[in-house]
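Only one chain is given next, in structure tokens, and it is the form predicted alone.
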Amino acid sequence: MGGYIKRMETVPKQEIESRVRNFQVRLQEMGLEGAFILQNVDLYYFAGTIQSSVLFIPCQDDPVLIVQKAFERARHESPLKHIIPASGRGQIKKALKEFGFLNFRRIGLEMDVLPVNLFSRYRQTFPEFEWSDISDAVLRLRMIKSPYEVEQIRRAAEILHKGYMEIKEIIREGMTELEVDGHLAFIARREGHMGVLRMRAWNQEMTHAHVLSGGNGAIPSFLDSPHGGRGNTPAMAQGASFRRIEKNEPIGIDYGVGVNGYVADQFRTLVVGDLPDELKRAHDFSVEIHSLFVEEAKPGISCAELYRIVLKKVQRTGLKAYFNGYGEGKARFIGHGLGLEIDEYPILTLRFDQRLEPGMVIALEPMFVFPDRGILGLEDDYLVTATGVERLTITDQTVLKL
């Protein structure tokens, strides 16, 4: 096991310590004495491992990681001081008692993702506790990325760029979308993609890529996105299908890669041949929206105001009906946060008044969807800096001709 672990990068100790300290400050501000962290992504954020564990973070003092399975892996992966084994809820309670944490009363849980039956079991096991929701506090803490986190996203963006550069030499007329999807998966995994893209929202799932050619790019799905695609089964209902690629039609590829948990997300439009003029104009306007975003996005401006600025520009073009989806497929946002999950804060929508702060990472995705013709646009990832934004994804903002 030692050699296996040595080849694997772990989260630096100072990263974990800083996150825990910042969260403890927030717990104190909320009047909470501690919090359980149970969801895998949050567990990784605060402990550096997703081994089957319960993490308890007190508002002061060191947290304790109580591991139910793969204890030795958890010890190698996590830099936390207190890591102990346990085989059941009774031992979890015993461990908290030994650390003096059962004297507490007001305790937090991630209620946005916690199953109701698990919440009920915790209430039965710890009847002395009063429970509060710490989901928003966790998400707002994770919203601001450290230099370490940004570096992981940069690494993922480099893999995406390599994937686009390779796939444009592979795609040919007559290929199925699923064939293209398979090549993209191979490239991503070969270069170190962790294999999954995580989403927090209930019943939302995301594949590593959407390959959407022609009219398939205009087919909506359950996914909260400007595009969905038919997929190859109602059991997934999104992404690539058995449709064969044709000349002079848009091929939209939404590609995601995760490195050490952190996701980069990018969309590019490709074509075998050339696009019709109307579709070219829509793509060009998507590029203009990115330029407008770079001009306007600075610390202090709200997400809602950025959305209004972009929408005002769209309304002057006559393309509003096609912007970010068509009909029931229309999305009500133009960008989303990225990090350990693909649907993080902040959200560029009228419903989110959060102001931009340095350290946020935002995927901006202005798309245009034309019924029966397809989807065009650009998605790029931006880091909010002290003076504006920096693009982290590096592929040219052009239609990639094949």
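The numbering used is simple: start at 1 and walk along the sequence shown. Just so we're clear, the structure is a prediction, and the values are computed from it rather than from any experiment.
Omitted from view is the form predicted in complex with a further copy of the same chain, to which the following refers.
- [ ] Kindly indicate whether Leu114, Leu178 and Gly229 are, all three, within 4.5 angstroms of a further copy of the same chain in the predicted bound form, using heavy atoms.
- [x] Yes, each of Leu114, Leu178 and Gly229 comes within 4.5 Å of a further copy of the same chain in the predicted bound form.
TODO: Work out which of Arg243, Arg142, Lys168, Arg154 lies within 4.5 Å of a further copy of the same chain in the predicted bound form, going by heavy atoms.
DONE: Looking at Arg243, Arg142, Lys168, Arg154 one by one, just Arg243 meets the 4.5 Å heavy-atom criterion.
TODO: Could you check which residue among Ile50, Cys59, Ile347, Met30 gets a heavy atom within 4.5 Å of a further copy of the same chain in the predicted bound form?
DONE: It is Ile50 that has a heavy atom within 4.5 Å of the partner.
Task: Listed range touching a further copy of the same chain, judged in the predicted bound form by heavy atoms within 4.5 Å, from 94 to 102, 127 to 135, 270 to 278, 312 to 320 - done: Of the stretches listed, the one contacting the partner is 127 to 135.
- [ ] Give a yes/no on whether Thr385 approaches a further copy of the same chain to within 4.5 Å in the predicted bound form, heavy atoms considered.
- [x] It does not: once a further copy of the same chain is placed as it appears in the predicted bound form, Thr385 has no heavy atom within 4.5 Å of it.
TODO: Flag His161 as yes or no: does it have a non-hydrogen atom within 4.5 angstroms of any non-hydrogen atom of a further copy of the same chain in the predicted bound form?
DONE: No, no contact at 4.5 Å.
Open item on the list: Can you tell me whether Pro79 touches a further copy of the same chain? I mean in the predicted bound form, with a 4.5 angstroms heavy atom cut-off.
Closed with: Judged by the heavy-atom cut-off of 4.5 Å, Pro79 is well away from a further copy of the same chain in the predicted bound form.
Open item on the list: Would you classify Gly300 as touching a further copy of the same chain in the predicted bound form, given a 4.5 Å non-hydrogen atom cut-off?
Closed with: No, no contact at 4.5 Å.
- [ ] Using the arrangement in the predicted bound form, list in sequence order the residues of 189 to 205 with any heavy atom within 4.5 angstroms of a further copy of the same chain.
- [x] Stretch hits, in order: Arg189, Arg190, Glu191, Gly192, His193, Met194, Gly195, Val196, Arg198, Trp202, Asn203, Glu205.
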